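In the C-alpha cells that follow, the same protein chain appears in two forms, which are kept apart as structure 1 and structure 2.
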Structure 1
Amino acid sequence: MVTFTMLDWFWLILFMLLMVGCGVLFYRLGKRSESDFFLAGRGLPWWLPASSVYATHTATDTPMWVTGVIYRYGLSGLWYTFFPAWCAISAFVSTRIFRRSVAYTQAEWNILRFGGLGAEMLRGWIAGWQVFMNMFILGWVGMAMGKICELAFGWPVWIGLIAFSSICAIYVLAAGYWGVVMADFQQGIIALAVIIMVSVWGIIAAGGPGAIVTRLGDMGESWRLNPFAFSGWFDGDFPAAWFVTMLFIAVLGGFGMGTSIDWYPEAQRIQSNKTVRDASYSIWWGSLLVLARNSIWAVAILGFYVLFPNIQETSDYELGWFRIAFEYLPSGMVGFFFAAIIAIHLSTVSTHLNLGAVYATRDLFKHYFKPEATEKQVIWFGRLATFVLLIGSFFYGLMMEEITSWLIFALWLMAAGVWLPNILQVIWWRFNAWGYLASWITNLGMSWLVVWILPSFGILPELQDYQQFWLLMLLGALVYIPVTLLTKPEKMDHLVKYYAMSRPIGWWGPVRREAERLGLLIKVEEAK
C-alpha cells in the first residue's frame, strides 16, 4: 500500500491541472472545423505527431505486457515487442501512399481504393469495427489502470478504470485532436523521463548490471540474457519459428495498411502532418522511440526477476515494473511517478476516444446518415461519440482480467486473416472490395474458432501463437482469393484515378499503362 506525502500530492494535482488546461487552452482551435477537431487542421510539423505516436503506444498496459514477456522469456521476449518495426517500412511506403489520399480514416480510404457497393459496405464495416475496437482498447487500458490503483492504494479495480479516463475525456471533448496531440507532447516527455528514472532505480536496487548478470548465473538463469534463447525450432514456450513469424509480420507489414492494430492511430497522425515528408518522419521517429523504450524496460525487468524470482501467476509478475517504483522510489517521488503513469494512461485514452469518434462521426454519421451536416453539427456529434465510447469502454474493461493474453490476441490473432489482404489492397490492382470484405468476415469467425472455441471442445489442439497466425492466414486465403478472382475487378477509370493520386507500389501494370495513356502521370510529376 502506498502512502502519499504532500510532495506526492503536489506532483499529481499539478499534472492533472496541466492536462485539463490543454482542453481549455485549445478549445477554440478544436471547435473551428471538422478538420481541426479530428486532424488539428492537417498542418502539424513532424515532431508533434511523432511524439504523439510514442506517447499513444506507451499506455498503462504496455509496461505490464513488456514485463510479462521479459519476465517469462528473458531478453528474447523483446521480440514480442518488435511489431512497431513495421513502421520502418511504412514510413517510406504505405505512409506516403495514405497521406497523398488525404482520407481522414482507413475506412474512408477504402472508397478511394475500391468502388461501387463493395466499397460502401467496406467503409461501413471498418468504421463499425473501429468503433468497437477502440472501445475494446480503451477497456483493456482502463483495466490496466484499475489494477495499478489496486496495487498502489488498495482501491477496487473499477475506480481506477473509470476515474482517470473520465478526466481525460474532459480535454478530448473540449479540444478534440488538438487537445490530444498537444497533451501527448507533454505526456511523452514526462513518460520517457520517468521510464528512465524508474528503470535505473530498479537496476540499482538489484545491485547494478554486473550484479544482475552474476545473480542470474548463480540462479542458473543466464539464458535470460540471450535475446536468441529460443526453446527450439518448433518446440517449447518460445520456438525460433515464432521469431521468424514475428520478423515476417513486422517487416512485410509495412507495405500494407491496417496490417497491425497500431496502423489506425498512426493513420490519424499521418494525416495530421502538413506534408508527405513530415508524415514519413513522424512515423519513423515515433516508432524508434517505442523500440528504444522497450530496451530500457527490459534491463529493469531482469533486475525485478533477480529481486522476485519464480512468480508463477502472469497477473502478478506483469505488475513488476510498477512494483519497482512503488516499493523502491523515495518518498516524494512516488507521486511524480504516479503522475507519469496517469500521463501514460491519458495519452492512450485520449487517442482512442478521438479516433473512435472520427470513425463514428465522419464514416457513419456524416457519410451514411446526414451528408448535409454542418461543421458545427459534425463537431457536436463527435463529442457525443466520444462520450459513448468512454461509457462503452468501462463495460469492456470490467470483462478483462489478464492484460497480456487479451493484448496478444488483439494484436496478432484477430488481424491474422486480414494481414495479407491489407498488403494486397496496396500492391495488387486486381484485389477488389469483395475479396477484402470476405477476408474480414472470414477472419472474424475463424479467429474465435481457432483460438477459443475448437480447442475448448477438443476438436483442434491448442496451438502456439505463431501456429495460430499461419493457420488463420491460410484459412482466410482459401476464401478471399477465390472471391477476388471470381468477382469483377474494380472499374479501370476508378483505379486510374486512385493510382494517379496515391502512386502505390507493386503490381499495377495495366492501371499504370492506362494512366500513362491518359497523360495523368505526367500531370502528377509536374505538380510535385
Structure 2
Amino acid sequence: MVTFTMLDWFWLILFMLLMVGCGVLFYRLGKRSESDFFLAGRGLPWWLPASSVYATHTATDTPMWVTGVIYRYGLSGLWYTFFPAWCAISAFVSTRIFRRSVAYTQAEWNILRFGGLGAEMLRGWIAGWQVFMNMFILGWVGMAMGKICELAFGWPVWIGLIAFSSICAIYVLAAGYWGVVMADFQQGIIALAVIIMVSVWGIIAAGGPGAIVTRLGDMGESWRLNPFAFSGWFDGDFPAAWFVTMLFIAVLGGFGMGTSIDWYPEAQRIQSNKTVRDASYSIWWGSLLVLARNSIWAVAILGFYVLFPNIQETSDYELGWFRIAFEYLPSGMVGFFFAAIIAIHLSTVSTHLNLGAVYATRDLFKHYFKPEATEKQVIWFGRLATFVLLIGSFFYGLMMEEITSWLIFALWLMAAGVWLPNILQVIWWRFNAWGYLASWITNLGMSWLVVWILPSFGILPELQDYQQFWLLMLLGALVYIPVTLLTKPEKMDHLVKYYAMSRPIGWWGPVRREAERLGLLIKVEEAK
C-alpha cells in the first residue's frame, strides 16, 4: 500500500486541474463545427497528432505487457512490442492515401473506395464494430486502472474504473477532439518524462548499466542481452518463425488500412493534420517514440530482473516496473509517478471516447438516420454518444473477467483472415466490396474452427498463433478471391473518382487509363 505525502497530493491535484482545464479552454473551438469536434478542424501541425499517437499507444496496461515479455524473453521480447512498425511504411503509403481521401473514419473511406449496396453494408459493419471495440477497450483499460488503484491504495476495483474515466469524460464531452489532442500533448510529455525518470531510477537501483550486464553474465543469463535470442527456428515458445511472421505482419501491414487495430485511432490523427506531409510525419515520429520508449523500458526491466530474478507468476513480474517506482522513488515523487499513470490512462480513455463517438455520430446517426442534421445537432449527438460509451464501458469493465478470453479472440479476428484483404483494398483496383465482406464473414467462421472447434475434436492439432495466422490467411483467400472475381468490379466512374483524389499505390492500371482518357490526370510529360 502506498501512502501519499502533501507533495504527492499536490502533483495529483495539479495534474487533474490541467486536464479538466483543457476542456474549458478548448470548449469554444470544439463546438465550432463537426470537423472541429472530431478532427480539430483538420488544421494541426504534425507534432501535435504525433504526441497523441505516442500518448494513445501508452495505455495503463502497456507497462505490464512490456514488463511481462522482457522479463520472460530478455531483449528479444522487444519484438513483441514491435507491432507499431506498421507505421514505418504506412507513413509514406496508406497514411498518404487516407489523408487524401478526406474521410473522417475508416468506415467512411469504404464508401469512397467501394460503391453501391456492398459499400453501405461495409460502412455499417465497420462503424458498428468500432463502436463496440472502443467501448470494450475503454472497459479493458478502465479495469487495469481499477487494479492499479487496488494495488496502490487498497481501493475497491470499481473506484479506479469509474473515477478517472469520468474526469476524462469532462474534457472530451466539452471540447471533443480538441480536448483530446491538447490533453494528449501534455500527457505525452508527462508520461515520457516519468517513464525515463523511473526507468533510469530502476537501472541505477540495479547498480547501473555495467552492473546489469555483468550480473546477467554471472547468472548465466547473458542471452537476455541478445535481441535475436529465439528458442529455435520452429521449436519452443519463442521460435524465429514467430519473429518472421511478426515482421511480415507488422511491416508489410503498412501498405494497407486496418491491418493493425491501432489503425482506427491513427486514422483520426492522420485526418486531423493540416497537410499530407504533416500526416506522414505525425504517424512516423509518434510511432518511433513508442518504439524508443519500449527500449528504455526494456533496460529498466532487465535491471528489475537482476534485482528479482526468481519470480514465477506472470501476474507478479508484470508489475515489475510499477514496483520499481513505488519501492524506489523518494517520497514526494510517488504522487508525480501516479499522476503520470493517470496521464497514461486518460490519454487512452479520451481517444477511445471520441473515436467511438465519431463512428456512432458520423457513420451511423448522420449517415443512416439524419443526413440533414445541423452542425449543432451533430455535435450534441457526438456528446451523447461519448456519454453512452462511457457508461457502457463501466459495464464492460465490471464483467471483463468473464469475457476476457472471448474478447481476446475477438481481437484476433481483426488480424488474421482480414490482414491481406485490408491491403488488397488499397493496392488492387479489382478487389471489391463483396470480396472484402466475404473475407470478414469467412474469417469469423474460420477463426472459430481453427482456434477452438477443430482442435477440441482432435481434427486439427493445437497450433501456435503464428501458424494460425498463415492458415487463416490461406483459408480466407480461398473464399474471398473467387468471390471477388465472380462478382462485378466496382463501377469504373466511382473508381476513377477515388483514384483521382487518392492516387493509390499498386495495381490500378485500367482505372488510371480511364482517368487519363477523361482528362482527370495531368500526364507528367505534358506538365513538363
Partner chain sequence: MRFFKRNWTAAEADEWTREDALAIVLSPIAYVLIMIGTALSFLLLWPGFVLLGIGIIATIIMHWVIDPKLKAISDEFESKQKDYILDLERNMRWEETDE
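Take the two forms, find the largest set of C-alpha atoms that superpose within 1.5 Å, and that set is the rigid core. Since this is a predicted model, take the numbers as computed values, not measurements. One-based numbering along structure 1's sequence throughout.
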Next item on the list: May I ask which of the two structures is the form predicted together with its partner chain?
Entry: 2
Notebook entry, point to check: Does Leu460 show a Cα shift reaching 2 Å between the two structures after rigid-core superposition?
Noted result: yes
Next item on the list: Look at Val451 and decide if its Cα position differs by 2 Å or more between the two structures after superposing on the rigid core.
Entry: yes
